[in-house]
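As a starting point, one isolated chain is supplied in structure tokens, in the form predicted on its own.
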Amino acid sequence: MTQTIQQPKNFGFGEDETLLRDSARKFFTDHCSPDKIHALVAQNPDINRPIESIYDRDLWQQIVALGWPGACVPEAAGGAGMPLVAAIALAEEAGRVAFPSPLLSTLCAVALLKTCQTDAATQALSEVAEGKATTLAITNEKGSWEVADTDVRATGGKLNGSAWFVQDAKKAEQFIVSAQDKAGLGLYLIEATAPGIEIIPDGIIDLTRDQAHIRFADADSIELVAPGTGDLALAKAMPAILCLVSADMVGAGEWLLQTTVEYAKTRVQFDRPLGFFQAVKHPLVNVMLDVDRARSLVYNAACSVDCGEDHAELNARMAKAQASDMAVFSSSRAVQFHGGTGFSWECFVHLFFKRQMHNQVLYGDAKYHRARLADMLLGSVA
């Protein structure tokens, strides 16, 4: 039976969440202007450059001091105990500046750890609240993260196999790994420096993040859930994870929109500002509508998670589908309307374009989630 719950006003986004969002926006305005981010991560335009994990570690430590990684960690584990919508606000602000850090990955890890409900998971949450960067290693070589799809095997707490498409792998201090054991799917916590781990960086287009695949060879780990229940924890956490990735896209989409609108106001062509022409201003209005639709769906889905609604997964998949489509459209219009300069390395647009392209396929693109939505609403016709 479907559980009907009355959502709080404004998606539960109250005074504390507003203060957190505003402080994050001020922090990023002061420390993460586009020129600073571009100078940090885009120093080398050579396509054959070494694969690096570039971010400002001092800024990460400042974020830790502000308590952002532990914003949604329960108070009993040393966090602030805020709802998911608070983390959504942080993810949106981070996306708005294309912030290179393990923040998004760590917030996703918190969402999964909170569903584990074990002493080991509570201890891991405490470490995250203290600033221990954590990321998920739950995807197989084919790109699937679905509950039973993993290339890692666990025997007596020792991991063997490979996890793929691990986000911010070189920034993380520990990994949450999904692995098959004799009881079913398990979730395991392992240090990034543990013996038996090899981190192999992937070359990706997003300059603000790094990605890797990880090989495990008899690597010692800690089991986070009761034997064979990792699939339940992962399925329960996935709506929150989808919301966080979608929020990052909303923030980046907002930056692309505002930056392109400003350019259209000031760039003159044929004795008119670009924004005068319908071929420019009408698509920008559509970008604005897409961004607003995505934002509304993301906060609605996050509120569904906070309220424990049965249809939280459905709402989260809707949000990810809309945000993924918006990411592609906002990026393409920004590059197109910046003209020749939009294709250049010196133009800041490419940082956000590449971040959007990476995010829109992370944990499924719009087509994938609409297919899953169709199965949920209409039933599989396979």
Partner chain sequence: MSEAQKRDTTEQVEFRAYCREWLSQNHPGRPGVKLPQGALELSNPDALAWLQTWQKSAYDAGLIGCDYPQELGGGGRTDCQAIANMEMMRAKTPYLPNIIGMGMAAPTLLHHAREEVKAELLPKLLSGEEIWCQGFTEPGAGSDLANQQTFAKRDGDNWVINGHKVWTSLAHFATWMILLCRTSKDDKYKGLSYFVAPIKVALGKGVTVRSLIKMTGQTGFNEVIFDDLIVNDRYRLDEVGAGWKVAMTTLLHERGAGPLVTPASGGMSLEEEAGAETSSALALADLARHTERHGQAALNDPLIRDDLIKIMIRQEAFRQNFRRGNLPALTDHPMRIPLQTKLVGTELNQDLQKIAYEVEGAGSTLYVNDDQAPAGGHWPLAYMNSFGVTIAAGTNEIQRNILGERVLGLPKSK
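All of these numbers come straight from a predicted model, not from anything done at the bench. Residue numbers count along the first chain shown, from 1.
One more form of this protein, predicted together with the partner chain, exists but is not displayed; see below.
Peer 1: Which residue, 190, 82, 303, 241, has a heavy atom that falls within 4.5 Å of the partner chain in the predicted bound form?
Peer 2: When the partner chain is considered in the predicted bound form, the option within 4.5 Å is 303.
Peer 1: Looking at 292, 223, 149, 181 here, can you tell me which has any non-hydrogen atom within 4.5 angstroms of the partner chain in the predicted bound form?
Peer 2: None of the others qualify; the residue that does is 292.
Peer 1: Using heavy atoms and a 4.5 Å limit, would one call residue 363 a contact residue for the partner chain in the predicted bound form?
Peer 2: Answer no; every heavy atom of residue 363 is more than 4.5 Å from the partner chain in the predicted bound form.
Peer 1: Residue-level question: is residue 265 within 4.5 Å of the partner chain in the predicted bound form, judged on heavy atoms?
Peer 2: Residue 265: contacts the partner chain in the predicted bound form.
Peer 1: In the predicted bound form, does residue 281 come within 4.5 Å of the partner chain, counting heavy atoms only?
Peer 2: Yes, residue 281 sits close enough to the partner chain in the predicted bound form that at least one of its heavy atoms falls within 4.5 Å.
Peer 1: Just to confirm, residue 168 within 4.5 Å of the partner chain in the predicted bound form by heavy atoms?
Peer 2: Answer no; every heavy atom of residue 168 is more than 4.5 Å from the partner chain in the predicted bound form.
Peer 1: In the predicted bound form, do 258, 286 and 375 all put a heavy atom within 4.5 Å of the partner chain?
Peer 2: Each of the three qualifies.
Peer 1: Given the stretches 55-63, 33-41, 321-329, 348-356, which is the single one in contact with the partner chain in the predicted bound form, using a heavy atom cutoff of 4.5 Å?
Peer 2: Among the candidates, contact is made by 321-329.
Peer 1: Going through 6-27, which residues have a heavy atom within 4.5 Å of the partner chain in the predicted bound form? Please give them in sequence order.
Peer 2: Contacting residues: 6, 7, 8, 9, 10, 11, 13, 15, 18, 21.
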